[in-house]
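Next up: just one chain, as structure tokens, the form predicted on its own.
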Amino acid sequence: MPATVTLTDVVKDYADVRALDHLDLSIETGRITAVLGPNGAGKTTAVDLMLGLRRPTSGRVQVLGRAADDRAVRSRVGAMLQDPGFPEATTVAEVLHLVGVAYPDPMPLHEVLEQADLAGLGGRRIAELSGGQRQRVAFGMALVGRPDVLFLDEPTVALDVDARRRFWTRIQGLAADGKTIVFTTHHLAEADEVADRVVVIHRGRVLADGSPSAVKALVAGRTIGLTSTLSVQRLAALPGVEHVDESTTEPGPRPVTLHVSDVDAAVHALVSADVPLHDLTVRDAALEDAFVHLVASAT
């Protein structure tokens, strides 16, 4: 697939802080890409550069084959920001209309309201909206220009479970229509479920880049969850166990998680230990496991 967004050897400095450190990134057309990273990793700076809101200290940022801050590019890009600065006294319809006039072919209001799950709220003033409703207005603002590229910054904050599901169904439909989606999130389970590609950034560099399955595969093995009285030292010494997480150090039965390279060997050893075991579960590594492992290894 052709690249919609490219960052080539990008450096971004703020005074004596290097936010991006020779970052290379290419995002293909029609895919959903999650950009993940701990606070201060550089992911927000990267998105700001893609949006043309900032310029790199060095390197090149292109969107749709042009400089990210090119006027022609901005007319084909939509952005859902965490704090879009709503005018509180205006109505939802007025806000969407105001944003729409900046685009050459804005979406009709009734269509935006439907697409953003805002039906019936066009006449409501911004000051009267809940947090989830404001988030849906921000999505409508991103959609109104019929963009080819959508940048979404923590898009499901304040949305309830049903609203999140509807939102991601809509995003998947846009990607199926050839739109390019780039989003940041701290909800790693969402990234695992909906992203075609995951890019993990830390200290301004890419730590991992691939499908969710490929990134999860960077963490060897699986996890075993159980409630046990065995000490961390004894659990860590079991065959196949690489690392142990415990929820409390208090004596007595407590939940623990074993990160293992050999599930069969670890389970056999647990059973052979001849101590009470409860709530034993085995699961594949989650994206959160991979994320925590990658960041910890690079720190």
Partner chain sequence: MSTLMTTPPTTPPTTSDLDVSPVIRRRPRDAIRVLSAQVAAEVRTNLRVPEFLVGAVSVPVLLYAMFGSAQAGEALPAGTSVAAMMAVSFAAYGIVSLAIFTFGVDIARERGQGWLRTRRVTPLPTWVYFAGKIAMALAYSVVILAGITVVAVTLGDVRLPMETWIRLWAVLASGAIVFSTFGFAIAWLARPRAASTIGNLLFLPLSFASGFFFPLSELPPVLAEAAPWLPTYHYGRVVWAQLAPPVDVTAWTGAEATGSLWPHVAWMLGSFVVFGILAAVGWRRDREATLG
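These numbers come from a predicted model, not from an experiment. Residue numbers count along the first chain shown, from 1. Under this definition, the rigid core comprises the largest set of C-alpha atoms superposing within 1.5 Å between the forms.
Below, we refer to the form predicted together with the partner chain, which is not included among the displayed structures.
Chemist: Consider L53 of the chain shown here, and say whether it contacts the partner chain in the predicted complex, taking contact as heavy atoms within 4.5 Å.
Modeler: Taking the distances in the predicted complex, the answer for L53 is yes, it comes within 4.5 Å of the partner chain.
Chemist: Does the 4.5 Å heavy atom contact test between V206 and the partner chain in the predicted complex come out positive?
Modeler: Yes, contact at 4.5 Å.
Chemist: If we define contact as a non-hydrogen atom of the residue within 4.5 angstroms of the partner, is W168 a contact of the partner chain in the predicted complex?
Modeler: Contact check for W168: no, nothing within 4.5 Å of the partner chain in the predicted complex.
Chemist: Would you check, heavy atoms only and a 4.5 Å threshold, whether G40 touches the partner chain in the predicted complex?
Modeler: Output for G40 is no: heavy atoms all beyond 4.5 Å of the partner chain.
Chemist: Heavy atom within 4.5 Å of the partner chain in the predicted complex: which of D177, E88, E193, E114?
Modeler: None of the other options qualify; the answer is E88.
Chemist: Considering the partner chain in the predicted complex, which of R164, R222, H187, R74 comes within 4.5 Å of it through any heavy atom?
Modeler: If I apply the 4.5 Å criterion carefully, the residue I get is R74.
Chemist: For the chain shown here without its partner, which stretch in 169-177, 156-164, 89-97, 224-232 has non-hydrogen atoms within 4.5 angstroms of the partner chain in the predicted complex?
Modeler: Within 4.5 Å of the partner lies stretch 89-97.
Chemist: Taking heavy atoms and a 4.5 Å limit, what residues of 10-26 are near the partner chain in the predicted complex?
Modeler: Read in sequence order, the residues that approach the partner chain (within 4.5 Å, in the predicted complex) are K12, Y14, L25, S26.
Chemist: Once the core is aligned, does E242 move its Cα by at least 2 Å between this form and the one not shown?
Modeler: Result for E242: yes, a 2 Å-plus shift.
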